[in-house]
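First come two forms of one protein chain, each written alone as structure tokens, so that there is a structure 1 and a structure 2.
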Structure 1
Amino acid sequence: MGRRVYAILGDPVSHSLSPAIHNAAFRAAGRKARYEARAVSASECGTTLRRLALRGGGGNVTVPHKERALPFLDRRTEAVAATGACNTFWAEDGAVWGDNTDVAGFQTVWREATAGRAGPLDVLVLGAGGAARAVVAALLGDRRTGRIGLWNRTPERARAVVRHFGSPCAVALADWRSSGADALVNATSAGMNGGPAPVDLRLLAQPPGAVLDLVYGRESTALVRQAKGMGVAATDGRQMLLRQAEASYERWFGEPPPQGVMRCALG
């Protein structure tokens, strides 16, 4: 058998660091596999996903296809069922599986960012796509979580996420400026490739105690730079990328990646 092919499917994907960290892990483990970035449209995503998986490979799904991937899965983990989104896929015994390792990835990053802080912690989540769903699922699994305020430029999408989870802790916000949250999580794509921040932190009712931007780039995002300029602890999406990638690797191969390799490749 030739090299198994794994890929990240989305649009855009040219900025993704996933190929670098996964290929480093493949080399270190001596696996005959390669990982690549593939820009695919909504109509191409499902068929590409199934073709890669059924040929012995797998991969990840990123914006804007995490929710659109579901109809192409034969089996779903509890994380996919909980979020209604998939970011990791592979095949077992002829069946295509989907998981959402973003949930586990964010749980780890959240615990690190809020270590030593007691609840209840109110959180403002920006976005209503697959990443936001993973964030909400992770937060609902933390006993310290108080209110989760969800804001999206399209209000109905935020309300749809709230209905999906059906938790009294999660509410859709009409205006993000009214939030006085303990932490802010950017689960939109705003800020990618050096773009502007999704919100102006100075307009919040009060500054958050921490900012977690799931977007990353070659340099700090605009949101992270503004937060740090205000004296607010902030981190970009590199750590979540790393954590979900480690979990994805374990789903594909049944064992964790070589220790420390992905982190070193991330830089």
Structure 2
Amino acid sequence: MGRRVYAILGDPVSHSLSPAIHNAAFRAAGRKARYEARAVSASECGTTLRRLALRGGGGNVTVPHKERALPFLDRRTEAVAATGACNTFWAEDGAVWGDNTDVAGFQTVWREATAGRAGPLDVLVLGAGGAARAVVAALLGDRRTGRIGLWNRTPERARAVVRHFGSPCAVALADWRSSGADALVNATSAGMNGGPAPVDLRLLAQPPGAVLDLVYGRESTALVRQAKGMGVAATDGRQMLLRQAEASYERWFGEPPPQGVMRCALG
């Protein structure tokens, strides 16, 4: 077989760090494979995904196609079923599989950020898109999670997420200002490209014990900067990017990537 092709499918994708980290891992593991960024429209996404997978490769799906990829999958993991979104695809025995490694990625970051802390841990999640669903699914899988409060700029979308996770469960709508959460997770896209933070932490009734921002950029995000300035432990989205990429690689090749290579490529 020739060189296997993997790609990140989305629009825009030119800023993506996924080609750099996956190609570094492919090289280090001596794999005959390459990873590309491909900007695709909604109508091109499904056919491109299936073609890549059925030719022995695979890839990732990113904004705005994570939900649109679902009809093109033959099989889906529990994480896809739980979130209604797919970010990783490949083929096995002629069937195209989809996973959402944002769930496993966030789970790892969450465990690292809260290591040694006993539950119940109350969490405020900002956002109501695919990333927020992945965060909620991951938190629901941790026995230490207490109450999950969800806030979104457009409340109707937050209500849809609460409905999606059904009842009885620990997710409820929240007002970010009155939250006394142990941790705050930014799953909105606010803060991208050096933009302002989604909320002003100084206005919270009580500062959170930790801030996990899914957004990342060349510099640290406004939310992470503010949290650190207030003495609150904070990480940006690079750590999650790394963890979800490791989980994708493992889906494709059945083993973890060579240790430390992806982190090094991330800079």
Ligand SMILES: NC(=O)c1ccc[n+]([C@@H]2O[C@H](COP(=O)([O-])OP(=O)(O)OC[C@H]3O[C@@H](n4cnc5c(N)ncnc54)[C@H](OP(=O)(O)O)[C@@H]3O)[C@@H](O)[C@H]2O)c1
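The term rigid core refers to the most C-alpha atoms you can superpose between the two forms while keeping them within 1.5 Å. For numbering, take structure 1's sequence and count from 1. Computed from a predicted structure; not experimentally measured.
Asker: Quick check on the two chains I just loaded: which one is the form predicted together with the ligand, 1 or 2?
Answerer: The chain shown as structure 2 is the form predicted together with the ligand.
Asker: Have a look at 125, 139, 133, 241 and flag the one at the hinge, given that one rigid part turns against another between structures 1 and 2.
Answerer: At the hinge: 241.
Asker: Fill in the domain rotation here: degrees turned by the smaller rigid part against the larger between structures 1 and 2.
Answerer: Smaller part versus larger part, rotated 13 degrees.
Asker: State the core-superposed CA shift for residue 174 between structures 1 and 2, in Å to one decimal.
Answerer: That residue's C-alpha is offset by 5.3 Å.
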